[in-house]
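Taking the form predicted on its own, here's one chain by itself in structure tokens.
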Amino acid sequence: MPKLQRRDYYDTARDMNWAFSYVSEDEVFPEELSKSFGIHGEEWWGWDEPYKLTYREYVHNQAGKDDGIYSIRSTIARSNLYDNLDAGWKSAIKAHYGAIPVPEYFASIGEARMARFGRAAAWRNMAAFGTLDECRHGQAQIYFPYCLLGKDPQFDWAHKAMHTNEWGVIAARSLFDDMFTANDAVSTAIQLTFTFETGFTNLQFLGMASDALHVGDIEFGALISSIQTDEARHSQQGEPTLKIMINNGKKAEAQKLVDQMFWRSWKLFALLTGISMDYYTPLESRTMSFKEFMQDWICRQFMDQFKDLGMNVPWYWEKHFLPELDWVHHAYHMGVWFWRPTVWWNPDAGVSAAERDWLEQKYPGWNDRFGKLWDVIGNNVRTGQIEKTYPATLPIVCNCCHIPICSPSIGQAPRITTHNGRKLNFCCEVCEWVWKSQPERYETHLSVVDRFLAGHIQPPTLEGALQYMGITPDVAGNDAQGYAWDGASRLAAE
């Protein structure tokens, strides 16, 4: 085999489909693990990935990538690069490391499920590489922050976060469990590789890689750029799966899968990436706003893909998604900063005079909508009333996205409904639709506020909630700049 040319064996090796004779198709591909959507087995054999790769090529490529990133890590370790990074940027990478590395391991479960229960041999071959990819991503993104643990205990949360009940972690875990840890193979291909990786992974990794290089964080930029090259390859599992569903009359089912997961992904990444790009990245290093990046990498890209596949944009695109580009991550940012003791990084307010000018330029009306609220916070800081900039209790949390409920206007109430005698709160019409579209997946899950009200958190105080979340005094978040953004840095030590 090593002496054969790739063209001599590749098609045969990657596409070994056959009709089963001594077991049924349902035994080989159980519906709960694979899910056919009523499409006959042989119809799946036309699955054809656009990015073809042999194992020999895979190992060669991955070894080169690892040589590159670990060499950079070794070199950076002998420098003071991290010490010289902006405090806000440090918070951006801490938030990333807590939210992403362990879920990369989780993603290997979804990829492995496709590698076994994907309904075409070529697909299973591709997913096997994806499984190895996700293991690599988890290992590298846990190792790099581990090397920084001696400089800052908050980096411990790269490994710890997903093993806690911190509110943001609950939101992330709910999304990733829904998307791939507890999903069937076909739905995973559409929701993970097409919806999430093709779109939102590009946003998180490519966007932050660009910002990292402008900030001067060569290590982080090289790491996530290397990871993105893998994502670009194994994300190609989604499109051929979608094509088979559409060609076999299952367009409505495919559309629903995309619509559900696009919205759930958007809510979490508005929280994670939106605030990092528009508030934590140093002003002089920002290449574009979060909204501009969304428009370039998500809106335009998905519109083209939907058109090429003969699908529609999600039903909520014009009414809910596009308007949220202007406001939702700004609201999330204010909430995270206010509830800063509940996160494992130090939120950067990012509202100095120059930064406010930039925000107003990128988001006309920002000062009228959000600036006046920051004026109140700034006044409390200047007058020494720091206690007024901290929460006294927990916010209302959405039972779908598990993010504190924000609204585009003051006085707009959350959407409230009852299911089997249980009161549920939703941040918007779309989250309510996602939840009600498959209640069996969500009805037993409790938000952090549900747990508080049910008596799971003891004592039932903010301090008890922090203990429940695993937040200790050495990692509890504080203002990244020591309130210097409002000329009150003296208060940092008070």
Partner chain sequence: MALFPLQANFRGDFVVLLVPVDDGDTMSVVADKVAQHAVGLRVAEKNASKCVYHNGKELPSAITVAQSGIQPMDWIEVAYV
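Residue numbers count along the first chain shown, from 1. This is a predicted model, so every value here is computed, not measured.
The same protein has a further form, the form predicted together with its partner chain, not shown here; the description that follows concerns it.
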Any chance 266, 270 and 302 all have a heavy atom within 4.5 Å of its partner chain in the model of the complex? no
Contact residue in the model of the complex, from 325, 162, 142, 334 (heavy atom within 4.5 Å of its partner chain): 334
Answer key, its partner chain contact in the model of the complex at 4.5 Å (heavy atoms) among 29, 452, 47, 435: the residue is 452
Given that its partner chain is not shown alongside this chain, does residue 339 nevertheless sit within 4.5 Å of it in the model of the complex, heavy atom to heavy atom? yes
Although its partner chain is absent from this view, report whether residue 377 comes within 4.5 Å of it in the model of the complex, heavy atoms only. yes
Residue 390: heavy atom within 4.5 Å of its partner chain in the model of the complex? yes
If we define contact as a non-hydrogen atom of the residue within 4.5 angstroms of the partner, is residue 361 a contact of its partner chain in the model of the complex? no
Report the stretch among 73 to 81, 348 to 356, 230 to 238, 377 to 385 that approaches its partner chain in the model of the complex to within 4.5 Å, counting heavy atoms only. 377 to 385
Within 340 to 375, which residues come within 4.5 Å of its partner chain in the model of the complex, counting heavy atoms only? 369, 370, 372, 373
